[in-house]
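Shown here is one chain on its own, the form predicted on its own, set out as structure tokens.
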Amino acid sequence: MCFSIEEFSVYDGPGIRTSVFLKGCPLRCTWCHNPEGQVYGRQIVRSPNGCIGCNNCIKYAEQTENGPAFTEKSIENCPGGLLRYCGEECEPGELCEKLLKNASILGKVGGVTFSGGEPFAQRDFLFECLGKLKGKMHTAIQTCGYTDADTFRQALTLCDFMLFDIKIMDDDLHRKYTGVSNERILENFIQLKNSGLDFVVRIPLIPGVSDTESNIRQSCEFFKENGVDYVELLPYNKMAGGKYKMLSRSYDPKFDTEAQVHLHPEIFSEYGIKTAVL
């Protein structure tokens, strides 16, 4: 199930790319800016812009212990058309046929990137797509790295490139801010490094969480040990909480969203690691 297909992206791998966003993610990063990608199923989202306060969406909602859950009748009875489904079922063959139509436009350098959510959350769908595109179009996976070792090993034989997030090195802090241990992630990264597949490492810089001197230094030590000399930095987007209202969810990031993000160029330089800020 996809929740978005974005064409002509220039930040999701080499060249100009089509990015396919798959639903479902095992992490719950408190700074997540794609909360609609966290759950696996189709959701109803409501745009707050243009609401006249008629409450028809609430009138036709199902009442749950977590509050009103919008229904198809909520969508049908919104006079402003502000409610819609997020997430569409699609067959791998149908999707790949659509993607391949742009192969000549994207050229030899560009291609398709599977993102999310977390693409490994839809392992079978992802692998079928990669198999159909192999040798016909450059493919990339943008991942948090949280999957079992066998799944990750198989992915390395199917894609051409990987964008791999390294968020927090301290395992306790990783659990606190993402909900899972980083042990599996770091093990998979070492597997990636040893595979010979082209990849790039990305660090989401979250104020007071991952942009601390301690975390950057630990990250650099890990990168140095594993031969990484280039890292892309993703500073926290202060608009990240905007989508939560659309899902009738509150945004509780557990850090100071107004704090300045620190890039620590001196630490990366000390370890001989080049960086690019995206």
Partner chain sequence: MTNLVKAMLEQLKSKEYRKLRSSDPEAQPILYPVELFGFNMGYSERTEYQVGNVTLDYATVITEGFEATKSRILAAKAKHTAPEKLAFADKMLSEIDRMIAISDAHRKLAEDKCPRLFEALGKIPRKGAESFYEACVFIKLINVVLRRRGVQHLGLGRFDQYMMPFWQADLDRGVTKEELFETLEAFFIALNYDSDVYGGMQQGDNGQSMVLGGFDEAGNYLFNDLSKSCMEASLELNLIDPKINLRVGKNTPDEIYVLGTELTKKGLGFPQYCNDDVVIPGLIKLGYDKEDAYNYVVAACWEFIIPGVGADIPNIRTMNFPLMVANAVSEGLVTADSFDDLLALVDKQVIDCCEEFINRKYPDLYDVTASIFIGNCIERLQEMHHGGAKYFNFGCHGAGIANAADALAAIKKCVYEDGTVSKEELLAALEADFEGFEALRNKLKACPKMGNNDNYVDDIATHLMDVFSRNLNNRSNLQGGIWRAGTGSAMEYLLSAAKCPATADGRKAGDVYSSSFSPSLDVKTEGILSVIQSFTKFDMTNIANGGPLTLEIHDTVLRNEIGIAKTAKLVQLFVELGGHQLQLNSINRDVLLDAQKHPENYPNLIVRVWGWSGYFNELDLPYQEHIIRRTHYSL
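Residue numbers count along the first chain shown, from 1. So that the term is clear: the rigid core is the largest set of C-alpha atoms that superpose within 1.5 Å between two forms. Just so we're clear, the structure is a prediction, and the values are computed from it rather than from any experiment.
Just so it is clear, the following notes concern the form predicted in complex with its partner chain, a form of the same protein that is not shown.
A.B. asks: Any of the heavy atoms of V109 lying within 4.5 Å of its partner chain in the predicted bound form?
C.D. replies: Although its partner chain is absent here, V109 would touch it in the predicted bound form, with heavy atoms inside 4.5 Å.
A.B. asks: Taking its partner chain as it sits in the predicted bound form, is S181 in contact with it (heavy atom to heavy atom, 4.5 Å or less)?
C.D. replies: Contact check for S181: no, nothing within 4.5 Å of its partner chain in the predicted bound form.
A.B. asks: Test of understanding: in the predicted bound form, would I273 fall inside 4.5 Å of its partner chain by heavy atoms?
C.D. replies: Result no; I273 lies far from its partner chain in the predicted bound form.
A.B. asks: Looking in the predicted bound form, any heavy atom of E76 within 4.5 Å of its partner chain?
C.D. replies: Residue-level check for E76: yes, a contact with its partner chain.
A.B. asks: What is the one choice in T151, S195, N102, T71 with a heavy atom within 4.5 Å of its partner chain in the predicted bound form?
C.D. replies: Only one listed residue qualifies here, and that residue is N102.
A.B. asks: So which of I267, I16, A259, L263 gets a non-hydrogen atom within 4.5 Å of its partner chain in the predicted bound form?
C.D. replies: Spelling it out, the residue with a heavy atom inside the cut-off is I16.
A.B. asks: For the three residues Y85, K176 and L247, which mark the spot I'm curious about, does each lie within 4.5 Å of its partner chain in the predicted bound form through at least one heavy atom?
C.D. replies: Contact check failed for every one of Y85, K176 and L247.
A.B. asks: At 4.5 Å between heavy atoms, only one of the stretches 76-84, 113-121, 126-134, 164-172 reaches its partner chain in the predicted bound form; which one is it?
C.D. replies: It is 76-84 that comes within 4.5 Å of the partner.
A.B. asks: Considering only 138-175, what residues come within 4.5 Å of its partner chain in the predicted bound form, judged by heavy atoms?
C.D. replies: The stretch 138-175, when checked against its partner chain in the predicted bound form, contributes no residue at the 4.5 Å heavy-atom cut-off.
A.B. asks: Given a superposition on the rigid core, I'd like a yes or no on whether G80 shifts its C-alpha by 2 Å or more between this form and the one not shown.
C.D. replies: For G80, whose C-alpha is compared between this form and the one not shown after core superposition, the shift is 2 Å or more.
A.B. asks: Superpose the two forms on their rigid core, then report whether the C-alpha of C54 is displaced by 2 angstroms or more between this form and the one not shown.
C.D. replies: Indeed, C54 is displaced by 2 Å or more.
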